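Only one chain is shown below, in structure tokens, and it's the form predicted alone.
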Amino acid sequence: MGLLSRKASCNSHGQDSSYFLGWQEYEKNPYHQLHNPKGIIQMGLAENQLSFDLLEAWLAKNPDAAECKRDGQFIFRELALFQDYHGLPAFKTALVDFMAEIRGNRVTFDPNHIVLTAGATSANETIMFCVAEQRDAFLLPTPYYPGFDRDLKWRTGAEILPIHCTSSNRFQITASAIEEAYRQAQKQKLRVKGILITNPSNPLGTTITRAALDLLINFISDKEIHLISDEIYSGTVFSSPGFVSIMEVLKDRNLEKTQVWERVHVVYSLSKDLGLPGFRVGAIYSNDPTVVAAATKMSSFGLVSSQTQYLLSVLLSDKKFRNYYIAKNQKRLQKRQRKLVSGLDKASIGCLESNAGLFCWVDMRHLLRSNTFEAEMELWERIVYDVKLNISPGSSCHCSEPGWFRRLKSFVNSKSHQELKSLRNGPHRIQKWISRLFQSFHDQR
């Protein structure tokens, strides 16, 4: 081991989290309706497969985009050669136009301020490299996406401290919770460089209120720190209240061209809104020219392929299709969310009221043998190994209350609700119910 770096042998990646362990168990024994009907069903991975048919139909009508053609002529050689890491101008222009449209064109984005990255994972790590040193801290409201422990910390050496939010007010961010997290950082002699939020939230499936966004702006202004707003689910909002971008709040408060304006950064990707995580397309948007310049240099380590950029520039430039896709996808998400919530309600299992994203934040506190995280893990293991269903326990999302679980809502149908009674009545009932839901999903496709 002496010939390897400390990074190669350290255990700070977070791979031993139950969030990732659930994936590993699924990969060992994946469900297949014909070949492995008793395998584990994956409901812990944030993939939106609801509207692939719309994308496939568009590709069938626009074969030139995927075949490296422009106006019927091959441009393979143009795309195959090395491209400047600033990205294809046509794609960046189409992307910022799409981002503005999702936000009701209440804000606009300058393509010169956007940096392309290989997904939001790369975007979040890159912005962290730009604004934080080792042992600097970022505050994150809980519960938060488990992958942040890897994305923000593993290679950068930065620290994460939780802003503890609770079910008493639907996990909303409060001034007292922010101040307490800041005090904890000071006690640990950590320099707080900023706050990172996900809006809409993963795992809550909710949008952050305008009041909370104002609160955050006031706090970072007072403390002279950064705010990173991860808005990768911004196009998935399917019911009120609507989505409010942090950029809209800055504009409404006439904070353009101020120091606060330059300390707010947005992360975006097409992985969730368009259901394209395999395309690895993410972006950083910043009003700080130094951050843009530094992030652009760093992006050379994780470029988006020219072929991908070309295909998506054509797709996103089709405004009629992209408007249709977003509206249709939102309706499908809402329909699935309602079916899942209704089915769980009939089984006496509640969910946090949600209006966005791909998840339901499921309340199983009444199924715990005790109000402890040990009991939560026991319940999670039973769900994974006996019920054969991979969902994420709240502890993996740093929830401060045992008994909450993150469940993907893409694989849902309303059949056989009565079969899901209670985990305490035996896991076979849930296995049978979930299997039928999964079968119904495939039947619909």
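Everything numeric here is computed off the predicted structure, so don't read it as measured data. Note that residue numbering begins at 1 and tracks the sequence as displayed.
This protein has a second form, the form predicted in complex with a small molecule, left out of what is shown; the following refers to that one.
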- Task: Spell out, yes or no, whether the shortest heavy atom distance between residue 119 and the small molecule in the predicted bound form is within 4.5 Å.
- Result: yes
- residue 269 within 4.5 Å of the small molecule in the predicted bound form, heavy atoms: yes
- Message: in the predicted bound form, is there a heavy atom of the small molecule that lies within 4.5 Å of any heavy atom of residue 126, even though the partner is absent here?
- Response: no
- Message: Since only the chain is shown here, I'm wondering whether residue 280 would be in contact with the small molecule in the predicted bound form (any heavy atom pair within 4.5 Å).
- Response: yes
- Query: Among 307-315, 342-350, 179-187, 229-237, which stretch has residues whose heavy atoms lie within 4.5 Å of the small molecule in the predicted bound form?
  - Reply: 229-237
- Message: Can you pick out, from 46, 384, 65, 50, the residue that has a heavy atom within 4.5 Å of the small molecule in the predicted bound form?
- Response: 46
- Using a 4.5 Å cut on heavy atoms, which of 171, 325, 98, 145 is close to the small molecule in the predicted bound form? 145
